[in-house]
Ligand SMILES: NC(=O)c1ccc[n+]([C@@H]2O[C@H](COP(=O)([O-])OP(=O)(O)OC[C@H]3O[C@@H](n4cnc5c(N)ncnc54)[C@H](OP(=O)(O)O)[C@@H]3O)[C@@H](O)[C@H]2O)c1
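Only one chain comes next, encoded as structure tokens, the form predicted alone.
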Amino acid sequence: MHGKFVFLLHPLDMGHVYREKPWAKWLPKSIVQFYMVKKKPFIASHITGIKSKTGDTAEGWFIIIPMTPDLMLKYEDVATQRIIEAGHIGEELGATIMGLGAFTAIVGGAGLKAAEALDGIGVTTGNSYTAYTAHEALLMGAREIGLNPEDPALTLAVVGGTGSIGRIVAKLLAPKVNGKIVIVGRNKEKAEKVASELRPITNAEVLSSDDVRGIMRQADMAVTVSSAVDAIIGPDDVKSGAVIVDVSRPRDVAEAVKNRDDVLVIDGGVVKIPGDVKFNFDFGFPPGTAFACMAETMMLALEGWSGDFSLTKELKEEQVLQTGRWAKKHGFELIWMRSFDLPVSEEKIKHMREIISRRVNSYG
């Protein structure tokens, strides 16, 4: 089987725009943004070389929506129309599935409006496999630095826990945590609703909160997956010895946090793609690796999937687990930890282990 897909990208901020188009720095920002809102989506690259362990293959195309997150929020109807236009490009290319990257997975009813408007191509946010790899990454990171999620003294925070990814990540992790779990969301009532869903499936104390910074100062482990357009967790907001998986793009964790040598921030959902994949586009990853949302789109193409997939606000646990099974079937693998787009060094892991060891000894 040979599958075809398209995946949507967009600039995360104006800095990305100026790096790609240096001449734009000499123009008023309002003029550049006016042009971005007017510009149609376009093909950025042809993706080749994806080959499953089963022998099935896939090819795809990156399509750029030239709008930053703040522009998508300000002109959501325009952003939704651009996503639909990108879907039509995908249809013309023969693709059966379109993946929505970053903020294109948030606007337009989280892909629902595009799915309703497109008949010849399925739509996915990639959130199912993103959620699966986020919970995998936290367990891996905790294990590597000597934290045991089952330790009753530890606190897990899920920031953005009322969203589709955060909610299901919390459900996957809850049975493995015995200390405290805090669901953090802007809407306290929604956060409490998710907390109430977790209490029957965990031995942990489950709380809800709308205080991101206050909870992060207490959290030993955290997954953060909000839809904020700017960082919401700064260098003074993180507990010493904490491990954080930041799934959000733009990032929830400020880049200044990388200067904290007593904190491990893991980039969420970085996956090795099977075969000799050529993206022909530089999005800052090592060769042969991609975001989990991209990987979900690829595995759906390998499966010959032609319908919609990860679109609902409440992801189904079985659907998320299915992406884990497909990953094993085709050869997608969560790679060794990366932090702020760089590999996590053995020295960093050793230092974190020493911090955790001293803490454990002090308890004893």
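Here the structure is a predicted model, which is why all the values come from computation and not from measurement. Counting begins at 1, following the sequence as shown.
From this point on, the text means the form predicted together with the named molecule, which you will not see here.
Student: Quick one: does Tyr132 come within 4.5 Å of the named molecule in the predicted bound form, counting heavy atoms only?
Tutor: No, no contact at 4.5 Å.
Student: Taking the named molecule as it sits in the predicted bound form, is Thr124 near enough to touch it, meaning that at least one heavy atom pair lies within 4.5 angstroms?
Tutor: Contact check for Thr124: no, nothing within 4.5 Å of the named molecule in the predicted bound form.
Student: Given that the named molecule is not shown alongside this chain, does Lys313 nevertheless sit within 4.5 Å of it in the predicted bound form, heavy atom to heavy atom?
Tutor: Lys313 belongs to the contact set for the named molecule.
Student: Answer for Gly163 alone: is it within 4.5 Å of the named molecule in the predicted bound form, judged on heavy atom distances?
Tutor: Yes.
Student: Only one of 234 to 242, 139 to 147, 98 to 106, 253 to 261 gets a heavy atom within 4.5 Å of the named molecule in the predicted bound form; which is it?
Tutor: Stretch with heavy atoms near the partner: 98 to 106.
Student: Taking 4.5 Å between heavy atoms as the contact cutoff, choose which of Ala219, Cys293, Val265, Ala86 touches the named molecule in the predicted bound form.
Tutor: Exactly one residue meets the criterion: Cys293.
Student: Heavy atom within 4.5 Å of the named molecule in the predicted bound form: which of Thr80, Thr202, Ser208, Ser227?
Tutor: The option sitting close enough to the partner is Ser227.
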